[in-house]
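A single chain, nothing else alongside it, follows as structure tokens in the form predicted alone.
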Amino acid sequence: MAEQTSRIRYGVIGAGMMGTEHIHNVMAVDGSVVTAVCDPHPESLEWARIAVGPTADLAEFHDHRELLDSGLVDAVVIAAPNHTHHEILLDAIERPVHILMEKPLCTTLADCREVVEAAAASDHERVIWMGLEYRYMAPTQRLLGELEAGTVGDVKMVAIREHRFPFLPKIDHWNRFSRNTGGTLVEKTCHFFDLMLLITQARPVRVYASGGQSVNHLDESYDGETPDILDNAYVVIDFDDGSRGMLDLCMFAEASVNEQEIVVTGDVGKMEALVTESKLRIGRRADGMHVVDTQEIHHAGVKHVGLHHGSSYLEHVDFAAAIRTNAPAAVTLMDGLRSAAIGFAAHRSIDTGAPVMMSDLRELDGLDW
């Protein structure tokens, strides 16, 4: 384990696009160094070598267990394809290493539960952090702070829109199929369900969803199989305090100013986080109609902006701080399970054409989630 005054040695398991992004972020955090990387694909290992730099002493592995047992790392970032998360995370939990787990937690709810319970049963004292970095977007963080200050009063409605580009190509095209990803509403939008849970501070009760694959990847074929990932959906969530959430997802809408918008309405006001534009709008009912304060919101001190507006860097800063101070993870595997559970319920609703009660998800029976 890393001592408080020593550098933290990281291993990165999965060196594709997100793994390489994590490498850049780790190297930007003071006192952190990437000493090992694991990936079965030579091309991905080459990306990792370039990211770390030609003068660095980087150990390379093809099997994650060899990296975990190497003695070269204090912490690991698991950024391998979604369908490998379950096995890799269980193996990592058995070792006394700190863990940052890239989303989604796992591709089935049963697997999510198993890794949560395995971590809870472990005797190792370490930090296990769930990678839900959208919490760290600058406008989103300000919105969360304003909510805590009571700016909009009691939250009644949360609406999140993501209108974006299609899924990018990945090694072996693994992200083209729901069996590998957990489904679009788990793989992609667990971020937004996590934010809804943070904003409402309530438990989801019922989920209704409508979605489909209307445009993207329909002309692609891999080993004779056409991709089946959804590219658009609406999801409505009822929470146990009477508040409601709605997700509006479109993945063939790259012609948009804001990729992400978060709207929170309470009994005394409304806020809108325009994430891509880095703006927050605040309106209070007492101020009258159409009176809205617009603020530019930016993070200070971000050393690597990367693919997520600096949020991954800030996530790594907090992860490293938790390691050094023996603090608990601010974002837990249970957060990963809860956000993914809504996604699994949404997919079930689309498949059945009916609302899904969260209490009907047998994988959650007896779990204090």
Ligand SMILES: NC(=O)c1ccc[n+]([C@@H]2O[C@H](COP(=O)([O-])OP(=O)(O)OC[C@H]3O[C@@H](n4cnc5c(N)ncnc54)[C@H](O)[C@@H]3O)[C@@H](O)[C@H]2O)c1
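Everything numeric in this text was worked out from a predicted model, so none of it was measured. One rule holds for the numbers: they count along the sequence shown, beginning at 1.
Unshown form predicted together with the ligand; subsequent notes refer to it.
The stretch in contact with the ligand in the predicted bound form, judged by heavy atoms within 4.5 Å, is 78 to 86, chosen from 222 to 230, 204 to 212, 78 to 86, 281 to 289. Just one of Arg324, His308, Arg49, His304 comes within 4.5 Å of the ligand in the predicted bound form, counting any heavy atom, and that one is His308. The candidate site formed by Leu147, Glu259 and Glu272 is entirely out of contact with the ligand in the predicted bound form, as no residue has a non-hydrogen atom within 4.5 angstroms of it. Although the partner is absent here, Gly16 lies within 4.5 Å of the ligand in the predicted bound form, judged by heavy atoms.
Contact annotation for Ser44: at least one heavy atom lies within 4.5 Å of the ligand in the predicted bound form. The closest non-hydrogen atom of Asp74 lies beyond 4.5 Å of the ligand in the predicted bound form. Not displayed here, the ligand is kept clear of Leu90 by more than 4.5 Å at the level of heavy atoms in the predicted bound form. Annotation for 87 to 103: interface residues with the ligand in the predicted bound form are Ile88, Glu102, Lys103 [heavy atom within 4.5 Å].
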